[in-house]
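Take a look at this one chain, the form predicted on its own, written out in structure tokens.
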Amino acid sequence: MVQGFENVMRHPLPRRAPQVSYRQAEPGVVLAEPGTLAVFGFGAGAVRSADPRWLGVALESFDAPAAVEIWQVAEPVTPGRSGDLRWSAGGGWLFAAVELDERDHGGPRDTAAAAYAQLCRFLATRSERHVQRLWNYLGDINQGAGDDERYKQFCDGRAAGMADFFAEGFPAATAIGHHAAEPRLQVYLLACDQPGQRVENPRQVSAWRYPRQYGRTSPSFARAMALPAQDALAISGTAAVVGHASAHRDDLIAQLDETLINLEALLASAGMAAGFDTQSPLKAYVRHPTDAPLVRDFMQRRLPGVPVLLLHGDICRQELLVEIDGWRYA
């Protein structure tokens, strides 16, 4: 065997990142395109599809018509189902999603535990077991006081369900409250057959080190994840948090300013150039519908040309009015 080829076989090249984009399109059209790993519609009006690669996200879009989000890879994709879990895989990448009704599982804690246990069992059977990014959407996220708040119960259940699966470190993640009528928990992820690199924000306490005031179980996520080829940064839900404290209560514009500072700090920590461009799709989750025009105007002024999905969602802390996540390609 040629020595160079042998080295490549022992040390395969890092997987190139999936391409994430937003587009006005019918799901069937996009799902028929080569390399489509997953497609997401938003809100009750999203067109439905039985394809396992399709997920209707329980967050309403402030844009009409709402775009779909598309993940695409460079190789053929195989989809499938396993119980409550839907999945697709191709080119070393894996999409997997679970949707559970809380009425079948006894509330947010036990539903989260069941969802994460299913996902971790499935991942344990796959070569693509290195989770890069997770999304969590649940209803009434801020309902309840103290440790009984639904988000804190979700964090307890998530930790129970994942057990020691993420013992080496947590992936990037988002947790947002939806306003759908059904008490539904949606969890979906992007995983790879190669590990990524976790990225933290020096302006913020790492989420898993939060003090007790934020619940019995600290949130389980990294602030961002550099994907295996270091060609993209998957950015967790980012808000106006400095240290571990929320900043600028009741001041939407100040919270947006602080959030952009945090996003730039993440880019610097990842060794990326400052700023976002037309290939950097973001989502902005907005608590109050009346704030949506202000957020849209702010994003257009401060991040001109950057694709932004504007979604109605509750942030995991009641005092926070907006949160941003997304992707930055190198």
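Quick caveat, the model's predicted, so the values are computed rather than measured. Numbers for residues come from their place in the sequence shown, where the first is 1.
The same protein has a further form, the form predicted in complex with a small molecule, not shown here; the description that follows concerns it.
- Mapping the unseen interface onto this chain, Ala175 counts among the residues with a heavy atom inside 4.5 Å of the small molecule in the model of the complex.
- The small molecule in the model of the complex is approached by Gly237, whose closest heavy atom lies within 4.5 angstroms of it.
- At the 4.5 Å threshold, heavy atoms of Val73 stay clear of the small molecule in the model of the complex, well away from it.
- A residue is said to contact a partner when one of its heavy atoms sits within 4.5 Å of a partner heavy atom; Val241 meets this definition for the small molecule in the model of the complex.
- No residue of the trio Arg16, Val77 and His130 has any heavy atom within 4.5 Å of the small molecule in the model of the complex.
- In summary, among the residues Cys316, Val20, Val308, Leu311, the only one with a non-hydrogen atom within 4.5 Å of the small molecule in the model of the complex is Cys316.
- Pro219 is the sole member of Gly161, Pro219, Pro228, Gly92 with a non-hydrogen atom within 4.5 Å of the small molecule in the model of the complex.
- This chain is displayed without the small molecule, yet in the model of the complex the stretch 166 to 174 from 80 to 88, 247 to 255, 187 to 195, 166 to 174 comes within 4.5 Å of it by heavy atoms.
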